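Following this are structure 1 and structure 2, which are two forms of one protein chain, each written alone as structure tokens.
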Structure 1
Amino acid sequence: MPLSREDLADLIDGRLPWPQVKAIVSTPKDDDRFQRLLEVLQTRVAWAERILMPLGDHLYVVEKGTERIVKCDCGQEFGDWRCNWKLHSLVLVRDGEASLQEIWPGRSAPDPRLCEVREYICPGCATLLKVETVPFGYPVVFDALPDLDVFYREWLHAPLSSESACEDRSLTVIGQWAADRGAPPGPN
């Protein structure tokens, strides 16, 4: 039996009891569940761009005109979906004992001699979008670069109106930062 719209919304919000969640995840998915999920998510945002895929809580790949961009619930745009959205967010780095103790008091804190905790925050609404713990100097993690065209064409059998190459374009942004500072551009 397909999930009702209300049950789907409760599943997204974590309001269903565990036995019901277990039953949902243990049974085959409805053929149209992804489309219905997008419908629920679309009703929750104030902007009109079509949501193509959720990237996580509060973040979506959307269709804006002929472009595909990453957008937050609040409407903040993070640019091309093929570029790591984190490069356009605010970042709070917790790399000392005092800042880590604000979140993890006592002995539960990560060792500041071994790693840093990066908190990625939306510049539009100050929502915490992602947290990652990495060794010092580790590059910004690109969590997901979904091949939207393959997903829509081969899995949903609903091809998008135009195709875009699924390639990481994060270095383009970093290269532009270097060029804006007068530094020679790095490798492509």
Structure 2
Amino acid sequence: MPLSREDLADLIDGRLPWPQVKAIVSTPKDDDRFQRLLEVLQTRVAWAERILMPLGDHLYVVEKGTERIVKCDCGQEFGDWRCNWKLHSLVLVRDGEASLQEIWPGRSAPDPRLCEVREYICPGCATLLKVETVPFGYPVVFDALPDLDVFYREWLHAPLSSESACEDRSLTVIGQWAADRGAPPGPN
């Protein structure tokens, strides 16, 4: 069912009455949903870069010159889309009784011996971008690495200008951190 731009905007804002949402859920999907969504999202951000893919409530993969980076709607940038954006965010870790109790009181709290909760926060707008609840010490989860070129070229039939291989490059950041850690303290 084709959605009007207004209805789509209301849908993503949670303002569409339930009977209409139900109708959208139950009827055949609109093939151009993605393109129309991008139109709505693009009008809402204050910056000019082209949105290529929404990743979360505030995060987008955008085209910046020849780069593709992750960007918050507040303008904060999180680096190459092939590196886990969480590595460029702030982290509030809850791995002790007191900090876990702030969210889950009493016996509803996870076990601090086994579980750690990581809240990834945007340095630009302090928005909570993602909560990760994992076994203690589990590597930071790279939730979504979309294959943008395959998607735009083969599924949307609208290839992007500069294609690049879709591969996890998070270790380049880690490698830098490890090198910095190992290096003797500099003059600063």
Partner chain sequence: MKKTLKEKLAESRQAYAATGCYAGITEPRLLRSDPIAAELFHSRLLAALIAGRETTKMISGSPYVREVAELAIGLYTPEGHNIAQSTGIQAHSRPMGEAIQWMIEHDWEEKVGIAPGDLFWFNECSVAGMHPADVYDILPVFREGELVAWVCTVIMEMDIGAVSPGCMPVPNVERATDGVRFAGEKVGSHDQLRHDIVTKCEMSFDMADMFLLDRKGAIAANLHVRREVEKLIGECGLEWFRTATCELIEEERRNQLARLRQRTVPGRYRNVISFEYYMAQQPTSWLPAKRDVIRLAPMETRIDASGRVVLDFEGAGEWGWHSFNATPSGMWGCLAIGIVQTLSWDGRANLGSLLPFELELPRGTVFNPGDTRPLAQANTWATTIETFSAWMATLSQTYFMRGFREEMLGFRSAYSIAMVGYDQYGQRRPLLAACTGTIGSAASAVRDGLDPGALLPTPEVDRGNAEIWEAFVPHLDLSHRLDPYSAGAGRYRSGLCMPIMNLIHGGREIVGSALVSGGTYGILPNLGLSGGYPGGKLIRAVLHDTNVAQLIAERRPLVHELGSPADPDYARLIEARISHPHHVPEPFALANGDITIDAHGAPGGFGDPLERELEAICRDLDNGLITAEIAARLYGAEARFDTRMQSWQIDEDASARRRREKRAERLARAVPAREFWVGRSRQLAAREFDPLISEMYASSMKLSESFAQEFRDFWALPASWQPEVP
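Given the structure is predicted, the values throughout are model-derived calculations rather than measurements. All residue numbers here refer to structure 1's sequence, counted from 1. Throughout, rigid core stands for the largest set of C-alpha atoms superposing within 1.5 Å between the two forms.
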Block containing the form predicted on its own is structure 1
Worksheet item: Superposing on the rigid core, is the CA of Gly137 displaced by 2 Å or more between structure 1 and structure 2?
Response: no
Fill in: Is_shifted Ala23 between structure 1 and structure 2 (CA, 2 Å cut-off, rigid core)
yes
Cα of Gly14, core superposed, displaced between structure 1 and structure 2 by (Å) 2.4
